[in-house]
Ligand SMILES: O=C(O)C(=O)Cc1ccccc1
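Coming up is one lone chain in C-alpha cells, specifically the form predicted alone.
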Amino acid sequence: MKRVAILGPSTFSEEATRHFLGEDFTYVSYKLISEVFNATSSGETDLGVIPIENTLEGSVHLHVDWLVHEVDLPIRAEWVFPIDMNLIGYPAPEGRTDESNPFGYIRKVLSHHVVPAQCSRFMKQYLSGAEFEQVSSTAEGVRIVSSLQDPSVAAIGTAIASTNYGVPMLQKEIQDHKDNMTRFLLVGKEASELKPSEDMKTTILVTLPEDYPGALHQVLSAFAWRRINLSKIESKPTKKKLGTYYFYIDIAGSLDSVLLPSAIQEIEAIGCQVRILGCYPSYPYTN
C-alpha cells in the first residue's frame, strides 16, 4: 500500500485527501509542509499532498516556491475540495456572555496563516478584540486549544479536528464565501493509478531570455494562435538575479496532444528555458 504524506492530522488536507484517494493508501501526517515535501522527495513516502491555491486567497506562494526551488517532484494529479472554516473552542464562562457579541470573551485565535484572509468578515465582526496567533496547521491550533482548555483561546479549523480533539464547535462555516474551494496537488517521483478523468493539465515554468524584447508576447502568442487555453499564469522572481522572473503557467491540455509540444518547441526556439512540472489529470469537486 502506497504511503501518502499529508499536513495533519485532522486538517483540511486530510479531509480532502481521504475524500479524493479513499482508504487504499497509508496516510502519514506531518506538522509542516516542508516535512511533507522532504518526506516525499527522500522516498520516505511515495506521494505528497500540497494545498496550492484557494478561491479567496489565490496561490499559496510558500508551497509554490517549495515545488519550484526546493524539490524535484512531478505533479501527478490535482483536485478541488470545499473548505468550511469553523470556530472551535469552549463556551463563555458564566457571567461573561455578551448579547451583542457572543464570542467577545475570546482573546486569542490560533490557526494556519492563510485563515484570516478566508474568514475576514466573521473575525472583524466577532473577533476584532482577539489576537491572531499563527500555528503550523489548523489542526495544531485545535490541539493546543484542547490542551489549554481555556475559553479565552479558540481555534479556526475543521469539523474533524473538533471531533478528534473533543473541543466544541462554537460556530460552523465562518468563511467569507460558501463556495470557498482549495486546489490540491498530488506530487511524487512515481505515478500512481488513479480514477480516469476527462480533463488533463500541464504545468510549466518559463524563464525568458534577458536580451529578447517582446519575449513574453511571443510566448503567449505561441499558445494563442493554437487556441491553447492557459488556466493560470503568474510571474515570480527567479531568486538568482534582481529583476529576473519566471512564469508559472497552468495549461488546459496534455503533452500527448499535437499542439502543446509544438508550442513549447516554439517558445524554446526564441531562447526561453522551459521546465515541465507535470502533465496530469484534473478532477473537479464532486460530492
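Throughout, we count residues from 1 along the sequence that is shown. What you see is a predicted model, and the numbers here were worked out from it, not measured in a lab.
This next part talks about the form predicted together with this ligand, which is not shown.
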Out of Val145, Met123, Ile83, Ile204, which one falls within 4.5 Å of this ligand in the predicted complex, going by heavy atoms? Ile83
One residue of Ala92, Val114, Leu170, Leu216 in contact with this ligand, assessed in the predicted complex (non-hydrogen atom, 4.5 angstroms): Val114
May I ask you to check whether Val4 falls inside a 4.5 Å heavy atom distance of this ligand in the predicted complex? no
Are any of the heavy atoms in Gln118 no more than 4.5 Å from a heavy atom of this ligand in the predicted complex? yes
Please check if Gln175 has a heavy atom lying within 4.5 Å of any heavy atom of this ligand in the predicted complex. no
Contact between Ser162 and this ligand in the predicted complex at 4.5 Å, heavy atoms? no
Contact stretch among 106-114, 162-170, 187-195, 67-75 - heavy atom within 4.5 Å of this ligand in the predicted complex: 106-114
Between 3-22 and this ligand in the predicted complex, list the residues on our side with a heavy atom within 4.5 Å. Leu7, Thr11, Phe12, Ser13
